[in-house]
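Only one chain is included here, represented as structure tokens and corresponding to the form predicted alone.
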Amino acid sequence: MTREQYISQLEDASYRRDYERIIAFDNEHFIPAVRFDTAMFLMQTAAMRQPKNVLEIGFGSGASSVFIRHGLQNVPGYRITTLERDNNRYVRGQALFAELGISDIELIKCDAFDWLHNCDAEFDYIFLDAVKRDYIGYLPFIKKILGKNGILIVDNTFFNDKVLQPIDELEEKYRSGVGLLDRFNRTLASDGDFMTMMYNIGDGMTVAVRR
């Protein structure tokens, strides 16, 4: 028996059903989705941290924001804002929320950089899951809006283990993006404003707590 098989015997099957329902919903176009263990990690960190104001940069399939919402059911007056620039994903997300009866997640169709440039709100939980080469560009905005003791969670920070490989051994098309992601990882890890840890969950999860 593998670790995954053992865990699957013990986990609450309702969460797996929720996840599979989201992934399968109106799947006409390719929609990137967080992995199931990532979705569970997001739910549990939200339940432990009990944030009031959540921002997601990169809506994708909706699994991440829905599972964060699962973790906040005992938090009065929580607010989740999620940003998506792709029209197909935005339209599908609106239909998904209608299907699931979800009205307390605000899905905004926008370019995240434009939105963040004009944002004056403060958040205590931010999940970043956008284009990987853009992560380094988001960091100054995140530092501006993430409150004291706020938590930043970043997905895909191993990028299918490409960040572990020497740049000159990668296919040319990946070199620039992987280099920028590696720069982001190293910049965040060395930033004294954060306590940062990388976890071997999904495709790599980085958790940084604002000092």
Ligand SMILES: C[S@@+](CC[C@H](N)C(=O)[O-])C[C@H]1O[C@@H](n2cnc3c(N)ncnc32)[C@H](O)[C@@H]1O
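All figures in this text were calculated on a predicted structure; none of them were measured in a lab. Numbering starts at 1 and follows the sequence shown.
The same protein also has a form predicted together with the named molecule, omitted here; what follows describes it.
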Where does the named molecule sit in the predicted complex: which of 71-79, 131-139, 117-125, 97-105, heavy atoms within 4.5 Å? 131-139
Should the three residues Gly58, Leu83 and Arg89 be counted as contacting the named molecule in the predicted complex, with contact defined as a heavy atom within 4.5 Å for each? yes
Indicate whether the named molecule has at least one heavy atom within 4.5 Å of a heavy atom of Val154 in the predicted complex. no
Mark Gly147 yes when one of its heavy atoms lies within 4.5 Å of a heavy atom of the named molecule in the predicted complex, and no otherwise. no
How about Val54: is it within 4.5 Å of the named molecule in the predicted complex, going by heavy atoms? no
Does Pro32 make contact with the named molecule in the predicted complex, using a 4.5 Å heavy atom cut-off? yes
